[in-house]
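Just the one chain here, the form predicted on its own, laid out as structure tokens.
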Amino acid sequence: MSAFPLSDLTSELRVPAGPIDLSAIDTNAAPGFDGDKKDGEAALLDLGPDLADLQERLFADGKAGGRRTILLVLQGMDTSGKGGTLRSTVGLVDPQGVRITSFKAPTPEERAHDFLWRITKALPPVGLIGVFDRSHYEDVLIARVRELAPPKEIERRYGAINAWEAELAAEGTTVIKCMLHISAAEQKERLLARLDDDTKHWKYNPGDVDERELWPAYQEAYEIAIERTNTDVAPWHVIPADKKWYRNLAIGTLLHDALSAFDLGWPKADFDVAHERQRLTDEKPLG
């Protein structure tokens, strides 16, 4: 394990109750971690074996009748690194134990239901880590900025989200909500880098530049959403995301701490181990 105090990192990232000013949070900082990029990358790799072991325990617990799951919610402006986080962090565990859902614009069928209908359908089964690449929070972020729903409906949704997440927590799901906090300047550099590399053109979306023009409105929408839905059972974490290595380490640490908190052992055998061993020992040659 790393010698760095990663548990301090988790507490540093949790958003306190009350209003939040994103402009006061340094997007290029590394709160709770004293090392540099090399140290951070090494610390994440050090977490890998423990993450894999803890994830397997969660999976085994689900197979044995457990109720626990983890739901990792990743929100952030374009290029903030949701995909990179999945590859570098969630990629450290067995993919069989992970369910990733990337939410796009709702279909006509989905729009015919309440906004949480399609989100609920995508929840991970017990024993799995579910990851939402974007999430139900789009319905109070882009919906607010682009006026895709009336203000009264947006207000209703904050309360609906809190009630829905509280129900998840009561049923055994740990909800880890992360806002990947990138600066406008860093986003510009990442978009330009995509244009400069013809192997990255497929990742470039001209609409991202249109959304940049609404940067202040999006920051305000995030501040309101975080304040209104930052609860004890489903707290928010703001992750400085200009440093990709720190972003990955932060998410890895949050996952590690959540899995560790379950304090899971291995399920007890529901069969006679000695008897089964004897059956195999006494087995006649096959074929």
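For every residue, the number given is its place in the sequence shown, counted from 1. Given the structure is predicted, the values throughout are model-derived calculations rather than measurements.
There is another form of the same protein, the form predicted together with a further copy of the same chain; it is not shown, and what comes next is about it.
I have 71, 172 and 223 flagged as a candidate spot, so tell me whether each of them has a non-hydrogen atom within 4.5 Å of a further copy of the same chain in the predicted complex. Not a single residue of the candidate spot has a heavy atom within 4.5 Å of a further copy of the same chain in the predicted complex.
Single option in 116, 209, 149, 122 placed near a further copy of the same chain in the predicted complex, where near means a heavy atom within 4.5 Å: For this set of options, the contacting one is 209.
So in the predicted complex, is a further copy of the same chain close enough to residue 107 to count as touching (4.5 Å, heavy atoms)? Although a further copy of the same chain is absent here, residue 107 would stay clear of it in the predicted complex, with no heavy atoms inside 4.5 Å.
Taking the shortest heavy atom distance, is residue 78 within 4.5 Å of a further copy of the same chain in the predicted complex? No - in the predicted complex, heavy atoms of residue 78 and a further copy of the same chain never come within 4.5 Å of each other.
Answer yes if any heavy atom of residue 218 is within 4.5 Å of a heavy atom of a further copy of the same chain in the predicted complex; otherwise answer no. So residue 218 does not count as contacting a further copy of the same chain.
Residue 17 versus a further copy of the same chain, in the predicted complex: is there a non-hydrogen atom within 4.5 Å? Outside the cut-off, so no.
In the predicted complex, which of the stretches 136-144, 154-162, 181-189, 108-116 has residues with heavy atoms within 4.5 Å of a further copy of the same chain? In short, 181-189.
Within 39-74, which residues come within 4.5 Å of a further copy of the same chain in the predicted complex, counting heavy atoms only? Residues within 4.5 Å: 56, 59, 60, 63.
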